[in-house]
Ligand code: 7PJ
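Here's a solo chain for you in structure tokens, the form predicted on its own.
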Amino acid sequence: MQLQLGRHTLDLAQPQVMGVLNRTPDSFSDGGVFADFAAAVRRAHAMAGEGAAIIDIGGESTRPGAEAVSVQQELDRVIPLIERLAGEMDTPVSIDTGKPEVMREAVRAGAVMINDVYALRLPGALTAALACRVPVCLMHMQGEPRGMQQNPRYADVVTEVRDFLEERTRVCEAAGIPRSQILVDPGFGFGKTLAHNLALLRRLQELALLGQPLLVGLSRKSSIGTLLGGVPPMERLHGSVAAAVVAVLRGAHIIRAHDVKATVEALKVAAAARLDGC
């Protein structure tokens, strides 16, 4: 399985790491740390040096309770950074957004992938993604970011997430997006309790059977903090890496992570064990 990202071909036979770069003041994990432009540029280069295969840039927090931002605010946060990185880095850049206007401008600026927590369901998003002609990642989310953690319910979370991702893949393919350019993400922590997240992780193989590249984002999530006794996001490194290893052994192709170096090294070991049949 391979993924074409601009001039880059990503070999998904080996697990890959997507580095998280939030240019927001209110992200749950690192809000404000990389709002400064120079700090964001330095962090992108550092993650590339640590082995990130993709740098994922976001300009709007989707944590529970986060405030929405305008299109212009989001553009101001992400476009100059994408232009800078696309001009001086060899590592592909993706845009983390649900807004069609931001998708278009980000791809014009040099982004080669769209990562959308709304799975291209916002008005105009599917049309914009089709026009951009880059790979798209479709994520499952129950509800909206502002209230998604208010009593989420499922009869069978794995079946419902799988059916949603399968249906959105069909919709996108019918609209003209090639299946080879569609990734799926179960959306850990997006409208899901700890029990739901653990069920998804245990049964991740069922989502891998969809046949699409499977992207997983567990890094520093609140479920990991809960399992570790309530530690804050910056102290969830070891739990995040453990979850990444489990995800890869159960079929994940791309791990979205804040702590790139540790995740890359752990996944090299996990991949060797997986390929040896251990």
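A quick note: this is a predicted structure, and the numbers were derived from the prediction, not measured. All residue numbers are counted from 1 along the displayed sequence.
The following text describes the form predicted in complex with this ligand, which does not appear among the structures shown.
Site annotation in the model of the complex: the residue of V93, A106, A129, M139 reaching within 4.5 Å of this ligand with a heavy atom is M139. Of the residues A40, V245, L215, I54, just one reaches this ligand in the model of the complex with a heavy atom at 4.5 Å or closer; this is L215.
In plain terms, the part of the chain that comes close to this ligand in the model of the complex, with a heavy atom within 4.5 Å, is 110 to 118 out of 71 to 79, 110 to 118, 155 to 163, 193 to 201. Under a 4.5 angstroms non-hydrogen atom cutoff, this ligand in the model of the complex has R256 among its neighbouring residues. When this ligand is considered in the model of the complex, T62 lines it closely, a heavy atom lying within 4.5 Å.
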